[in-house]
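A single chain, nothing else alongside it, follows as C-alpha cells in the form predicted on its own.
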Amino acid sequence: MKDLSKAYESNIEKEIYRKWEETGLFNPDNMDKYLKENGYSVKKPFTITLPPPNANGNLHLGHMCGYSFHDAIGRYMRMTGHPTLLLPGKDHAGIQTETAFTKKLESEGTSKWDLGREEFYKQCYEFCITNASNAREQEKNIGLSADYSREFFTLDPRLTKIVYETFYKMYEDGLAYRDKRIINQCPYCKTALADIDTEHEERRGIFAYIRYPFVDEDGYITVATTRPETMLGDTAVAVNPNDERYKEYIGKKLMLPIANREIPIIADEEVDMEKGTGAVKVTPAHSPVDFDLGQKHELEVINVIDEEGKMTGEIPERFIGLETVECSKKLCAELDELGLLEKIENIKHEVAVCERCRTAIEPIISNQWYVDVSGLAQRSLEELKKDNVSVIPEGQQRALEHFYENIQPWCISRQLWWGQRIPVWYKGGKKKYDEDGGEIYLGENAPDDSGEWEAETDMFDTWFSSGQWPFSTLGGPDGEDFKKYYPTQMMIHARDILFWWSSRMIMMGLYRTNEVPFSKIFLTGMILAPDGSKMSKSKGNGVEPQYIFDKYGADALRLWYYSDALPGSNAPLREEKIKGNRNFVNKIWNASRFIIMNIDESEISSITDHSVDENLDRIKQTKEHISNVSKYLDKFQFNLGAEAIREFFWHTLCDVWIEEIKNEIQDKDIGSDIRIERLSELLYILKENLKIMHPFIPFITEAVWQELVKLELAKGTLMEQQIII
C-alpha cells in the first residue's frame, strides 16, 4: 500500500474545490438530475439567497462566519436528497462604496467632481466588479458551495428592472410618495442616512441653560440644551403636565430669544421632569424626538440648518452660512450679553456620526422619497405571530415584532452618485414639484423630448433593492427559477441587520409575491477582535481571513464558528481554539491513514464485495450517531453537531474501536475472514463518519474520500454521496 503523508496539508484545498466545481452539482438543476439518475429519492428543493457582501473591499472574518453556516446546511441538504441552491451575489452598497471609491480617488489626486457623474459611475462599477471577483475567491476559500452560474450584482439590469417594477407598483398603490420629514443628514457625504449607517461616539460638548422670557409678564423659563444653535428653529417649550413647577404656565407664550418669535408652552407626559430643568425646547426640524412631538401637537416646523450643516432659513442675517458649532458660540455670547445665558456646563455625551466619514449627523427636514410601510409591517407581523416566519434565537423574534409594531415611514432616497437612480421625472423641475406640486412621470426615460422634464438624481436606499433579493435574484414573480425555488427556506445573516434587511425582505416579499420569502431566519453574532472590541481597519485590530486559512486551513476556522459563534451571540476571535481544531483535522487524517495503510492491496476487492452486518454493535452505534447529528442540523444546532462529530470520531472511533480492531487483526493472515470482516466494518464506519462530518468540515473529509477513491474503495466525490438516516 502506497504511503500517505503524515499530516493533512491544507494547501490542497483549492484543488479540492475545483474538483467539486467540476461535478456541476452546486447547480440544483444538475443535482436534481443526478439524484434521479442514481435512484435516490428527490426531495423538495432547498434554497438560500446568500447575503451579498459589499463589493468595495475584501471580505472579513464575519463574512466567513456566515458562509460557514450557509455551506454546512447547504451541503447537508444536498446529501439528504434536496436539490440545493445557495445563490450568491455582491452588493453595490450605496454610500459605503461611494465613500470607499471617493477616498481611493482622493489618494490618486482626483475627485468625483473632477470625473463627473457619468465617468464616476463607470469607474465605480469597474472598481466593484474587480472587488467582486476577489470576494468570490475568498468565498471559495471557506468552501462555500454556491451556484456561481447564478451569481448577481445588485446593479444588474435584470434586478434593476424588478426593483423599478416594485417602485412603480408602490407609487400606483399610494405607498411610495415624496414628503418633507426629518432625516439623518451627513453634511460631508451630503446625503440622507439610514440609522444603520450611523454610529455613536462620545464627544465633548456643552449643556447651555438659556432663559426664555414670558411674553405678557415678568419672569422666564430656563431650558437646558446641548445644541444652542437649533433654538433659532424652536416652535415650543414642553413641560410635563404633572410638574408642579410649570403647571400654571401651560398654554402661555414665551419670547424666543434672538429670533424674537412667540412660542407656546405645551404639556406632554413624555417630558422627563428630572432631566435638565424639566422644561425642554422643541425643535421639530432638528430632532427626531421633537419632530414626533411637533406632529403630535401640530407645531410649526422651521428648518434652520441645511444639507451641508450650515445655518440657513428665516433667521437673523448674521448667522446665515455659519457652521453649527460656530453659530452655537456666537449665540451663547449674545445671550450672555442679554443676561439670558444662565450657565454653561462642559460635558461628554453620545453624538450620532456618519459610519463612514465620522462627521456628526445633522437631523434636518428634507424633501425625500418615502414608503408607507405601516400596512406591510402589519401583514408581516401577522405572519410572525402565525409562526410562518421564525427567528433563531427566539429572543430576536420578539425584537422583530416590536420593530414592526413601531415602524416609521421608510426614507428610500439617497443623495448619491452611485446606485440605482429613482426612475422619476419632474415637469418644470424637482424644486417646483416640491414647492407647488405638479406633473410627475415614472420611468427610466423622459416621456417626451420637450426638454421640460428634469430627472430625479437621487438613488434608491440600498436596502430598497436588497429588500427584494430573495425574489429578484430568481427572476421575479414571472421567472422560471422563481417557480422552482421560491419561497426560499432560510436566511442566515448577522444579528445587526435584522431590522434593516430581513424585516424589509419579509415586507417586500409579501407585497410582490403574497408569500413570505423564507420561513427561518438564523442570526449569527459579530466576530470580534481577540480583546473583545469590534474589528476595524482604523483600529488596526482586524484579522485577515487568508492569514487563518494559510496557518490552520478552512476546516479549523469553520469548526470554531460552529462552536463559538452561537446564534445571535458575539464571539471574540480565539486563535488557540482554531489551533485546537486543526489538531482534530489532523486526527481525522491520521486515523484515516491508519485504516488505509492497514488494508493490503490484495484485500481491496474482498472488502468492497463484503456486506457489513448491520446488527453489529459498532454499526448500530454509528447509525445512531449519524441520526443524532442529523437532528442537530435539522434544528440548526450547529454547535451540538460539531461537538458530537468531534466526540464520536476522536473518542469512540479512534480511542476505542480502532484500538480494538487493531488488536483483533494484528496477527491474522492477510485476506483472512476475520481481517476482511473487521476492515470492512472499519471502512464502513469511516465512510459514514466522513459523510456526516462533511457539512461541517468539507475539505479534510473530501481529501480522505479521494484517497479512498484512488484505491477503488469509494467513488466520485464525497459531496455526491447521500447521508442515509
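We call the rigid core the largest set of C-alpha positions that still match within 1.5 Å between the two forms. Nothing here was measured: the structure is a model prediction, and the numbers come from that model. All residue numbers refer to positions in the sequence shown, first residue = 1.
Another form, the form predicted in complex with the RNA, is not on view; read the next lines as being about it.
**Student:** Given that the partner is absent here, state which listed stretch (74 to 82, 223 to 231, 139 to 147, 323 to 331) has heavy atoms within 4.5 Å of the RNA in the model of the complex.
**Tutor:** Residues of 223 to 231 come within 4.5 Å of the partner.
**Student:** With heavy atoms only and a cut-off of 4.5 Å, decide whether Pro572 touches the RNA in the model of the complex.
**Tutor:** Yes, Pro572 is a contact residue.
**Student:** Determine whether any heavy atom of Glu317 comes within 4.5 Å of a heavy atom of the RNA in the model of the complex, and answer yes or no.
**Tutor:** Contact check for Glu317: no, nothing within 4.5 Å of the RNA in the model of the complex.
**Student:** Report yes if any heavy atom of Ser630 sits within 4.5 Å of a heavy atom of the RNA in the model of the complex; otherwise report no.
**Tutor:** The answer is no: Ser630 has no heavy atom within 4.5 Å of the RNA.
**Student:** Does Phe594 reach the RNA in the model of the complex, with heavy atoms at most 4.5 Å apart?
**Tutor:** It does: once the RNA is placed as it appears in the model of the complex, Phe594 has a heavy atom within 4.5 Å of it.
**Student:** Among the candidate residues Asp216, Glu248, Glu576, Asp478, which is the single one with a non-hydrogen atom no more than 4.5 Å from the RNA in the model of the complex?
**Tutor:** By the 4.5 Å criterion, the partner-contacting residue is Glu576.
**Student:** The RNA isn't shown here, but in the model of the complex which of Asn583, Asn445, Thr130, Ser374 has a heavy atom within 4.5 Å of it?
**Tutor:** Result of the distance check: Asn583.
**Student:** Looking at the RNA in the model of the complex, is some heavy atom of each of Val271, Phe499 and Asn590 within 4.5 Å of it?
**Tutor:** Every residue of the spot touches the RNA in the model of the complex.
**Student:** So which residues in 644 to 661, when you check the RNA in the model of the complex, have a heavy atom no farther than 4.5 Å from it?
**Tutor:** In sequence order, Trp650, His651, Cys654, Asp655, Ile658, Glu659 come within 4.5 Å of the partner.
**Student:** Taking 2 Å as the cut-off, check whether the CA of Asp290 shifts that much or more between the shown form and the other one after a rigid core fit.
**Tutor:** Comparing the forms between the shown form and the other one, which are aligned on their rigid core, Asp290 does shift its C-alpha by 2 Å or more.
**Student:** Indicate whether Leu175 shows a C-alpha shift of 2 Å or more between the shown form and the other one, with the rigid core used for the fit.
**Tutor:** Moves: no, less than 2 Å.
**Student:** Shorter or longer C-alpha distance for His402 and Ile196 in the model of the complex, given it differs from this form by 3 Å or more?
**Tutor:** Distance between the C-alphas of His402 and Ile196: shorter in the model of the complex, by 3 Å or more.
**Student:** With a change of at least 3 Å, which way does the C-alpha separation between Tyr404 and Glu201 go in the model of the complex: closer or farther?
**Tutor:** Residues converge in the model of the complex, at least 3 Å closer.
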